[in-house]
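Before any questions on how it binds or moves, here is one chain, the form predicted alone, in structure tokens.
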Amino acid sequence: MTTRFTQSSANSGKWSKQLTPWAISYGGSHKLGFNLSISQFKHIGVFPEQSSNWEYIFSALQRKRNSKALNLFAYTGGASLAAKAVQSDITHVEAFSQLISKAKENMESSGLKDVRWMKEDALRYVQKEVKRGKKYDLIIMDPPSWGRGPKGEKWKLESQLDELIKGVSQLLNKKAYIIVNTYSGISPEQLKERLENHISFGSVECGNLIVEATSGAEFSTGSLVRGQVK
């Protein structure tokens, strides 16, 4: 059975058919499990174009012993599970309880355990970690255009992205990796420039997040910058 989402406003819409929840397995370098369902916000619980980031995480962290990773705006946990699959100490930061619950289900379906769950505003958490002197070998972030933290904290990408990047830059170990993507309309080149204002890269790549149709057609869904710092 197939269903189609028709958007009626910026934040909602309707599916042509209701579907019962279902599960899928990602069979890349490491297997991950996801529990999916339709929602009024169009999301189903996973963004398939993120799989290239999961493979990047597998490759980067499997060479680092006792690595520490931080996933901000972590959604249902695909990147967190990728880090845990290669035995990284991963902290998953998400503002919404229901998304953390979904991420926990995905962890169990992936046969993993011991992800550190933090229900907190991402920017505030970064600021606290800077004060605590924490360092990470990988930081992943997927900041939305706008949103709210669990205590009503306001997030607006255009006015707060640079503050977030500055904080994150202080949490990166030498030779650490960083992955930043956004679906907000900022071009890959603009995102890279804003990162380079605060972070010195040894190697970096930027481009579009791509979804490939069964026909072979490619659709750009967002911007991506990832690389290793000096």
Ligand SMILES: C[S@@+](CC[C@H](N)C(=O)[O-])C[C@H]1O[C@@H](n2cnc3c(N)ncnc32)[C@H](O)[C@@H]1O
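The model shown is predicted, which means the values in this text are computed figures rather than measured ones. The first residue of the sequence shown is number 1, and the count goes up from there.
One more form of this protein should be noted, the form predicted together with this ligand, which is absent from this view; the next part is about it.
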Of the options K134, R148, R116, K104, which one has a non-hydrogen atom that comes within 4.5 Å of this ligand in the predicted bound form?
R148
Of the candidate stretches 45-53, 23-31, 193-201, 166-174, the one with residues having heavy atoms within 4.5 Å of this ligand in the predicted bound form is 45-53
Flag F41 as yes or no: does it have a non-hydrogen atom within 4.5 angstroms of any non-hydrogen atom of this ligand in the predicted bound form?
no
Determine whether any heavy atom of V86 comes within 4.5 Å of a heavy atom of this ligand in the predicted bound form, and answer yes or no.
no
May I ask you to check whether A122 falls inside a 4.5 Å heavy atom distance of this ligand in the predicted bound form?
yes
Heavy atoms within 4.5 Å of this ligand in the predicted bound form: does A95 have any?
yes
Out of 53-76, which residues reach within 4.5 Å of this ligand in the predicted bound form, heavy atoms considered?
F73, A74, Y75, T76
